[in-house]
Each structure stands twice: as structure tokens, then as C-alpha cells.
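So this first bit is one chain, no partners, the form predicted alone, shown in C-alpha cells.
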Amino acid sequence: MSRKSFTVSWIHATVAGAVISLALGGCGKQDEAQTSADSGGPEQVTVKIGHAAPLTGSIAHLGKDNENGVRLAVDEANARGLVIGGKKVVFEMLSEDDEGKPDMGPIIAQKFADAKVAGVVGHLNSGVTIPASAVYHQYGIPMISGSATNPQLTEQGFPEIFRTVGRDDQQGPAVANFLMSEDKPRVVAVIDDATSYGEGLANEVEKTFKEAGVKVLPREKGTDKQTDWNAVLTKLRGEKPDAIFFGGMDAAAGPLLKQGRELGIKAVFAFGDGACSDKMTELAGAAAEGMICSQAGIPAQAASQSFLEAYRAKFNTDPIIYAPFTYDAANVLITAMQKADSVDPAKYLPLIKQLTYEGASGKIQFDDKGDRKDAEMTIFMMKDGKIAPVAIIKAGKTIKFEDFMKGATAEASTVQTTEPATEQK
């Protein structure tokens, strides 16, 4: 054998031995990993669910309420130890502060897309949710808002976009018709905060009043950061309106109401869901007594008892407004994943529209636009410093809140749940 042939043969033998050694070692590690998987159950995978709302600033209390609803749903799902697609799923909530600013919506949506979230619950404000929705549509990420009520959100035709609350073109007529039936105003003033939410809701209220023949004064505007309303209110005082409706959040609505009473305005003050909270007493003081407000859904205290008990136990407080709806939104995403047996958005997205989900806020089904079918509207009045529901509007009919609760209790006692994944426990 030549020196060259010997050298080649030695190299081949050495390489072959190394390959065999690596193969044996690899098999040993593979067997060890397999044994570990066998002893520990199915492989585990982390699935990210995004949440976005204002977590700082004047309406951070509402954003935190939204976040709490999602966190509770995620923690409960993890406690159940769900297996999807043959893998044990551990859900992780990624929560971002959008500051209630429209330009932050797409930035955070892109951040979620880069993080490869499986779905998103949010945003709180319509003005932030609408621009963000275009990004979710671009990446095919399902998004369900528990609080954005502007009709434009779902009128865009994006198949990934849903909401678990009603729309402003349902809420606006509800509060306007209630005022007309109870207070019979002849002259009405309408003010908005120039946001997509505030202006959109105010438009619907104004439209309803005008169609009923009520005189509506020229629109007054402010901003969502405004706390000095004296100029606007002084102007309106001379017009002697019987009712004043403000479209905006409680941080601006509270000072508006307080200053209105200080100027001697006797009109009934009414607001939408953004100002329908007990915080109005903190912001407006005694001036808040008797105010009227609406919510695009059932009141938080009418949510399922199991949800209320779990929320109080976890956060040591009561939900404010939207937590039942964000809780349901997160559970809808999770339930659709279970039914599709996949956490891939492209695979579970079609199941969302097919769901009938019995949630904390009642039965949830979506129409072709992604809006909640048969969404209730609630009218509240401030009584003794607390927002109290007085009427529920459903399918155009007004029901006293007490009667609605009696009916809901009777219905709940007869419901037979056949899907453990959607059962509220």
C-alpha cells in the first residue's frame, strides 16, 4: 500500500469512527429527550396574546380594567392546562401602553406582529384601534376590541377585526331616545372631544335628536385633554339647553360637568360609555349626581357571577366598565384556537365567526362585519355617588334593569352547556 493510499484509508476510518460516535451520542440524547417528554406529557409551547390600552395618563384606570380582563382569561386558560395541536399551550400576555394616542396604534400593532402574537385584545379607544387595525389586517392577526365602539372599525371590511361591544350607531340612539322619553328636551347642546370615539358618538346622538324634531344647537368642540370648559359652557348657558350631551372620556367629562353646574346650568348632562364610571363623582363631585350615561353592552355588575367572583379575588376590586368584554374577547380567541386545534391565526381565524360563546357578558356571536350580534345597550344614572343601571335596550326595546336581571337569572338556570371550553366556572 502506498503512503497516499494508507493516509486516505486512515482518514476514512477516522471520519467513519467519529460519525458513528456522534450518531450513538445523538441517539442517546434523543432517547433522553424523548423519555423526558414521555414522562412530562406533551411538548410545551408558548402562545403570545397581545393587549393594548392606555396604561398611563388620565384614563389609565380604564386601560388597566381592560388589561385585568385579559390577564384573568389568560391565567384561567393556563390553569386548565390546554393541549392544542398535540402540544401543551402556555399563554403569555404581552401588554403595551398605547397612551390613547392614534399614532401609537400602528406602532404597537407592528411590535405585536414582530413578536409573532397569535391574537390581540384591544385597543381601548376607537381612534387608536382604527389605525392599528390596518396593521393587524396586513399580517393576518385576529384582533378583538372590548371597548372600541366607532362603526368605522368594522366597516373597513377587515376579516381579522371583531368587537365584543356594540357600536355607536346603536349607543347614540339609545341614550338620545332615553333622554327624549324621560326628560323630553326641546333644546339640546352637543359637545365632543374631537376624537374618533367622541365625535362619532356625538354625531349619532345629534342625528337621533334631529330626526325626532328636537332643536340641536351648533356643535361645540374641545379636546380629550381639556379640563377648562368655561368658555364653551358660558356660551351655551345663554342658549338655555334642556340637555347637554358630551362625547368623550371621563377625564374631560368630569370637569365639564362640574364647571357647568358652577355656572348655574340646570340642563340634564348625558354622556357615553367613556364617561360612564364612578370616577365621575371623583372628578365632578356632587355635580355628578343625576347625570345620565350609556354603555354599549351590559353593565359590569350584570356580568356572570363566576367572572365577578374571580375578578374580585384576583384584583381585590370590582371591574369598572370593559373588563367583562376584554375577558370574553381573550376567551373567544382561545376557544377558536381549541376548536381549530391550532394556534396559527390563519387556521383559527375562520372559527371566530362560527362561534357561539357563552361569556361573562352573555352570548357572543359575530356578524359578517365582525360586530357582536344583538348587543345590548345600558342606560345609567348617577345615584348617591355611584353609577347605577336603570334600563337595558335590546332589539329596540327598553327593559327596566331589574326586569332584565330577573330574566337573565331565569335564562341562566336553564342553559345546558355542552362545550366545557366555553363554560364559565
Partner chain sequence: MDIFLQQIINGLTLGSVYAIVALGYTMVYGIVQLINFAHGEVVMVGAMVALWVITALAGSGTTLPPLVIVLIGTLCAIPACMAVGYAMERIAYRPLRNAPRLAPLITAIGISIILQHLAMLIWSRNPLAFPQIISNPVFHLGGATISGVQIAIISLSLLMMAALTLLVYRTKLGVAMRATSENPEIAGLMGIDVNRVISITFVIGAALAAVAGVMVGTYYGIAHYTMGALLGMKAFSAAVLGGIGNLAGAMLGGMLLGVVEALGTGYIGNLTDLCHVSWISSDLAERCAVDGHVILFGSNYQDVFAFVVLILVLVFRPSGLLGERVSDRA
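Residue numbers count along the first chain shown, from 1. Here the rigid core means the biggest group of C-alpha atoms that line up within 1.5 Å when the two forms are laid on top of each other. What you see is a predicted model; the values in this text were computed from it and never measured.
Form predicted together with the partner chain: not shown, discussed below.
K.L.:
From the candidate stretches 236 to 244, 85 to 93, 179 to 187, 338 to 346, select the single one in contact with the partner chain in the predicted complex, where contact means a heavy atom within 4.5 Å.
P.N.:
Looking at the partner contacts, the answer comes out as 236 to 244.
K.L.:
Should Gly385 be classed as touching the partner chain in the predicted complex when contacts are defined as heavy atoms within 4.5 Å?
P.N.:
It does not: once the partner chain is placed as it appears in the predicted complex, Gly385 has no heavy atom within 4.5 Å of it.
K.L.:
Quick check on Lys258: any heavy atom within 4.5 Å of the partner chain in the predicted complex?
P.N.:
Lys258 belongs to the contact set for the partner chain.
K.L.:
Does the partner chain come within 4.5 Å of any heavy atom of Glu211 in the predicted complex?
P.N.:
The answer is no: Glu211 has no heavy atom within 4.5 Å of the partner chain.
K.L.:
Examine Glu309 and determine whether its closest non-hydrogen atom to the partner chain in the predicted complex is within 4.5 angstroms.
P.N.:
No, Glu309 is distant from the partner.
K.L.:
Give me the residue from Lys221, Lys314, Lys353, Lys207 that has a heavy atom within 4.5 Å of the partner chain in the predicted complex.
P.N.:
Contact residue from the list: Lys221.
K.L.:
Could you pull out the residues of 50 to 81 that have any heavy atom within 4.5 Å of the partner chain in the predicted complex?
P.N.:
Counting only heavy atoms within 4.5 Å of the partner chain in the predicted complex, the contacting residues of 50 to 81 are Gly57, Ser58.
K.L.:
If the two forms are fitted on the core, does Ala286 show a Cα displacement reaching 2 angstroms between the shown form and the other one?
P.N.:
Where the cores coincide, Ala286 still shows a C-alpha shift between the shown form and the other one that is 2 Å or more.
K.L.:
After superposition on the rigid core, does the Cα atom of Ala310 shift by at least 2 Å between the shown form and the other one?
P.N.:
Not so; Ala310 is displaced by less than 2 Å.
K.L.:
Would the C-alpha of Lys258 be classed as shifted by 2 Å or more between the shown form and the other one after rigid-core alignment?
P.N.:
Comparing the forms between the shown form and the other one, which are aligned on their rigid core, Lys258 does shift its C-alpha by 2 Å or more.
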